[in-house]
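The chain that follows stands alone, in the form predicted on its own, written as structure tokens.
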């Protein structure tokens, strides 16, 4: 599609805005990608933003993590989801004033530049383009665009990401399943599958996970797990078994219980690593700071609440940490970041 999106006569060559200008916020994850289209509001303090925030349109597509699906598929997904959001809103590419992409798999400046280069082929030069790891959008979804504190994402994958008040940033985990995101949905489910195989061949104790997982997958024997796993070893497909692990733990299965306890320790450890590197807790360890909790693994369950257990673990070391469950989704957080970045640039221009 590329530059065919643009009609040169429609582009705001001077970068000025009118009532039809919009901002795109994108949350690109390992499982799905969400784009929201929002109107460009006056560049005022984000404390005065309307509540609820106006959303002109929302679109959803598949994974855009280039480490998971490849660069070509990632680009196609991102372009498709932005195009659909604009179409649903009744807007077009020439009305876009700013785009903020929070994409999983963006772990290095070279990742950012690669995506920025592609975006510059789509949008005219006056459009402000921002590309970050999806953890940044998740943090902003809980802090309404302010970059301070720590976010813990635990969905298919997991990562902790933090920002200090003086602009320093740090991350822990988020290296993918091969390098050990053990507190993630994939990590929890993979350990459960391993426990079933070990119980079957005699290397481990029997567990209720066996019957539960075989039933969930419509398999008759643990021997069939090998074929099922490698037929399509996508991370999200395996992570989908987390509710079954939680159910077994709630029913008293000790193997499932230990898997969840270990996951809690891993997730809390990733937060503590970020807090320590950024000194978010202050010199005495008692300063308050937000911990934004995002992802299906951290959602409350009836008996085994992983998110609650993670916070309890963090509080033992940092009593000033306070959890935030975002009221808006990370894609809206990405749009808030775009507003925040635009506002700062406007202030710098005004003061220069």
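Note that the coordinates shown come from a computational prediction; the quantities given were computed from them, not determined experimentally. Residue numbers count along the first chain shown, from 1.
There is another form of this protein, the form predicted together with a further copy of the same chain, and it is not shown here; the text below is about that form.
**Student:** Kindly confirm or deny that 173, 182 and 193 each have some heavy atom within 4.5 angstroms of a further copy of the same chain in the predicted complex.
**Tutor:** All of them do, each having a heavy atom within 4.5 Å of the partner.
**Student:** Closest heavy atom of residue 266 to a further copy of the same chain in the predicted complex, within 4.5 Å or not?
**Tutor:** Answer yes; at least one heavy atom of residue 266 falls within 4.5 Å of a further copy of the same chain in the predicted complex.
**Student:** Even though a further copy of the same chain is not shown here, does residue 235 get within 4.5 Å of it in the predicted complex, heavy atoms only?
**Tutor:** Residue-level check for residue 235: yes, a contact with a further copy of the same chain.
**Student:** Is there a heavy atom of residue 270 lying 4.5 Å or less from a heavy atom of a further copy of the same chain in the predicted complex?
**Tutor:** Contact with a further copy of the same chain, yes.
**Student:** Test of understanding: in the predicted complex, would residue 163 fall inside 4.5 Å of a further copy of the same chain by heavy atoms?
**Tutor:** Answer no; every heavy atom of residue 163 is more than 4.5 Å from a further copy of the same chain in the predicted complex.
**Student:** Using a 4.5 Å cut on heavy atoms, which of 250, 224, 211, 71 is close to a further copy of the same chain in the predicted complex?
**Tutor:** Answer to the contact question: 224.
**Student:** Using heavy atoms only and a 4.5 Å cut-off, determine which of 120, 215, 258, 203 is in contact with a further copy of the same chain in the predicted complex.
**Tutor:** So the residue touching a further copy of the same chain in the predicted complex, by this definition, is 203.
**Student:** Where, among 77 to 85, 142 to 150, 90 to 98, 270 to 278, do residues come within 4.5 Å of a further copy of the same chain in the predicted complex by heavy atom distance?
**Tutor:** Going through the listed ranges, the match is 270 to 278.
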